[in-house]
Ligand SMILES: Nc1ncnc2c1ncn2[C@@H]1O[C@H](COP(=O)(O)OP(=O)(O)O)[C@@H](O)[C@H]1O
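This document opens with one chain alone, in structure tokens, the form predicted on its own.
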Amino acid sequence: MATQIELRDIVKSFDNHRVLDQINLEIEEDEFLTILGPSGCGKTTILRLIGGFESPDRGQVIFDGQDITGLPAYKRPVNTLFQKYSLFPHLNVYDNVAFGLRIKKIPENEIKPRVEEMLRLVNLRGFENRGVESLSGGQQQRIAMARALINRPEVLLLDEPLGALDLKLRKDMQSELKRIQKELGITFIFVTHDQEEALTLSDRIIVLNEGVIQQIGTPIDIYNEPINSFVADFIGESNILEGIMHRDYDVSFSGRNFVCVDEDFYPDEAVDVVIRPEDVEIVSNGKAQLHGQVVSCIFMGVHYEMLVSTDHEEYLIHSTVPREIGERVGLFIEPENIHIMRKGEVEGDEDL
């Protein structure tokens, strides 16, 4: 795919506090890109720079090969869906959704089917004549989404648009968002702090922390191969352990050596070892690599979440089979489920 948007060496500060530090990013045409990170990490600032609502202190915003850093927001081929709905209270649902098309002088006979299409996509058919202030917060959010989509921008920026929805509707709208994005063939840049939402929706994910890109990759890559302990801890639950990478495919942690699938580390390099809870198997003593005692076991709906204390540390384990508190168990970890990370590494770090 061709690069549609490029951020080059972006630096941005507010009140002498640097919120974005040397951001370099390429966004491809028609992809669903999610910017994921904790509150205050700079996610929304990136969105506002792309949308033209902020200007960088240094760096460039490139769109289809053209420098648009100084171009005002209204001249950019971008629409933004903010956290605040910003609906017009004096207009009904139909007129709110149709507003952008009327500004562009689209004929009314073209507006009607497009408004109906948008209302169908956001599950609000039959609401055309309702006043927006009579709607729930979740319904108002969907009206704002329909209004942003109806102009079919080349890029849609979404700043946590599903936050006001209840859990079931949020799940439904995740599927709808992905379908709409593919159907319309436009780029979505989505900001969230919800890891599950990012993994569900995205073609690629940017993990951001304190204004620095930690890792960029597909959801599978980000989940299975986190680049550092921040990413591993932020994306799902993890056991993050201190280890020593003695040589290729040979790592020690929890008081013993393990075979792994990683290579190209320094001899006896101190590393972080990441093991997902679902990748720790409870096995018979004959197969066990480690032994421990169950200290807690909680039913989580689709699995049991257990803590098992070994001689060196506690392991968080997800299993479909419960164990009694106090029970002695054996643990086994496949080599491909042992993920080795350099300490402090971030995306683009070439210091091997």
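Residue numbers here begin at 1 and follow the sequence given. A quick note: this is a predicted structure, and the numbers were derived from the prediction, not measured.
The form predicted together with this ligand is left out here; the points below concern that form.
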### Query
in the predicted bound form, which of the listed residues (340, 329, 19, 10) lies with a heavy atom within 4.5 Å of this ligand?
19
### Query
Pick from 41, 294, 49, 290: which residue has any heavy atom within 4.5 angstroms of this ligand in the predicted bound form?
41
### Query
Any idea which of 309-317, 32-40, 66-74, 281-289 reaches within 4.5 Å of this ligand in the predicted bound form, heavy atoms considered?
32-40
